[in-house]
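A lone chain, given as structure tokens: the form predicted alone.
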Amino acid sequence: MFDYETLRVIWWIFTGVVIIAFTLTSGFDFGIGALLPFVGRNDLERRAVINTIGGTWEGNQVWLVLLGGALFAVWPLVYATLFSGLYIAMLLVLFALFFRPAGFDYRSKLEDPRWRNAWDWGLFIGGAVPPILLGVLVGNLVQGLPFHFDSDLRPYYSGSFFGLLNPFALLCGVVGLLLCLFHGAIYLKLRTEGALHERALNLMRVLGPALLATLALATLWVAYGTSLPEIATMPGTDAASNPLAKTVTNAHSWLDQFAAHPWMFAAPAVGFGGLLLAWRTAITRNTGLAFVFSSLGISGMLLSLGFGLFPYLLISSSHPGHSLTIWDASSSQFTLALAFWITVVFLPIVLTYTRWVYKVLWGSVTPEKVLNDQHTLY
């Protein structure tokens, strides 16, 4: 039904949709986990904070599993390069995520304050560390990673974990954390009342400007301090995947990429505009609309990243000609077509179920409600 070129573009879009869905849903999960020890002043308040995401955090995290599965099935060269070269960083993300199920399920098993306080800080680690490390990953994707392939297309990563911690990547890590904190504070304000509601509002007053300032700095850094390899020749957009078959010339800036397609400027405009409106709307107490604007802002920034990188998926800083694009890093046409139809059937089911879960579990969570439902809530 679709030719090879079209399927590659479709799967580039699908991959972007999964990334956006993961960021929007797990983003406020991570943010609330990172805010937990600071916004809750006693055990009941902290339990109320936990239960704002208690019924949905596991489903939200499934988007990360889907992203890993999509990379494995659709972009195998990207999967092999990332998961082998960035093994330590990926393990640190995984180890941090271990605190989340254990913290949610075991925190309230004992009434000892030391036990519960320890798990509160475990949930803080599980909420703060992943967005920082994933932000560092994004920063390195923008700058490029030192990898190359041999004649058998086996990837070789020549960098180190500490090499990932360069100034721009660390700035992106700060942006990732602030983004989750801001998104999480809005969601927390939306789901709570009283003192917790007011504390979330006060946090947003500070987090909004901090996020916009660091995001603007990162954007300027990308626009004037990074570049993309220029593809000179390649076999064709419908040829079999082989990243060694193309040649690249001198690099061009991200601004050149957007200037060549002016409609792309809509994405950063939506990104900055959405986050600015989210901040202004949230502090005027229209929290539902603020959450919509925050989601639009996050989506706009991720679309800006995707548009700026296109057609690249991974840029090699050591061997630019070995960089991976959507045209030379995908699985076979049959695999893409099979995965497409599986997605077309099951993705609407997943989205419908997710919408139903949020509808059923929606409502304000207060310390009084937690006290009255001691045995059914976290």
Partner chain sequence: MIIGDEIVSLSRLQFGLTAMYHFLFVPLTLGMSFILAIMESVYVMTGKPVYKDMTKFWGKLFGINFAMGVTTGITLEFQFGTNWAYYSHYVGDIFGPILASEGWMAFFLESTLVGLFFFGWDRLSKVQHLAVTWAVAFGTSFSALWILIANGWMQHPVGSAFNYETLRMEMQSFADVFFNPVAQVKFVHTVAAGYVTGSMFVLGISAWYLLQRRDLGFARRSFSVAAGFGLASVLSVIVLGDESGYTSGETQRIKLAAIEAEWETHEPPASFTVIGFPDQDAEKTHLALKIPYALGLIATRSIDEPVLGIKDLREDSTRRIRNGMIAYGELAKLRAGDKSEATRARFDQHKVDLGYGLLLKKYTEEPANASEEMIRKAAADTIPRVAPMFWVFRLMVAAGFTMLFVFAMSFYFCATRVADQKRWLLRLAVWCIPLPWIASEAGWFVAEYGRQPWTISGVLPTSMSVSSISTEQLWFSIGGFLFFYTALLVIEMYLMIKYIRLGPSSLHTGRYHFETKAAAPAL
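Positions refer to the first chain, counted from 1. Source: prediction; values computed, not measured.
Omitted from view is the form predicted in complex with the partner chain, to which the following refers.
Does any heavy atom of T247 come within 4.5 Å of a heavy atom of the partner chain in the predicted complex?
Although the partner chain is absent here, T247 would stay clear of it in the predicted complex, with no heavy atoms inside 4.5 Å.
How about N202 - does it come within 4.5 Å of the partner chain in the predicted complex, if we only consider non-hydrogen atoms?
Taking the distances in the predicted complex, the answer for N202 is no, it never comes within 4.5 Å of the partner chain.
Counting only non-hydrogen atoms and a 4.5 angstroms cut-off, does S330 reach the partner chain in the predicted complex?
Heavy-atom contact with the partner chain at 4.5 Å: present for S330.
Contact with the partner chain in the predicted complex for T284, defined as at least one heavy atom pair within 4.5 Å: yes or no?
Answer no; every heavy atom of T284 is more than 4.5 Å from the partner chain in the predicted complex.
Which among 258-266, 213-221, 172-180, 79-87 is in contact with the partner chain in the predicted complex, heavy atoms within 4.5 angstroms?
One stretch meets the cut-off, namely 79-87.
Of the options P209, P113, G236, P101, which one has a non-hydrogen atom that comes within 4.5 Å of the partner chain in the predicted complex?
For this set of options, the contacting one is P101.
State the residue from A232, L91, A251, L165 whose non-hydrogen atoms include one within 4.5 Å of the partner chain in the predicted complex.
So the residue touching the partner chain in the predicted complex, by this definition, is L91.
Are there residues in 227-247 with a heavy atom within 4.5 Å of the partner chain in the predicted complex, and which are they, in order?
Counting only heavy atoms within 4.5 Å of the partner chain in the predicted complex, the contacting residues of 227-247 are A240, S241, N242.
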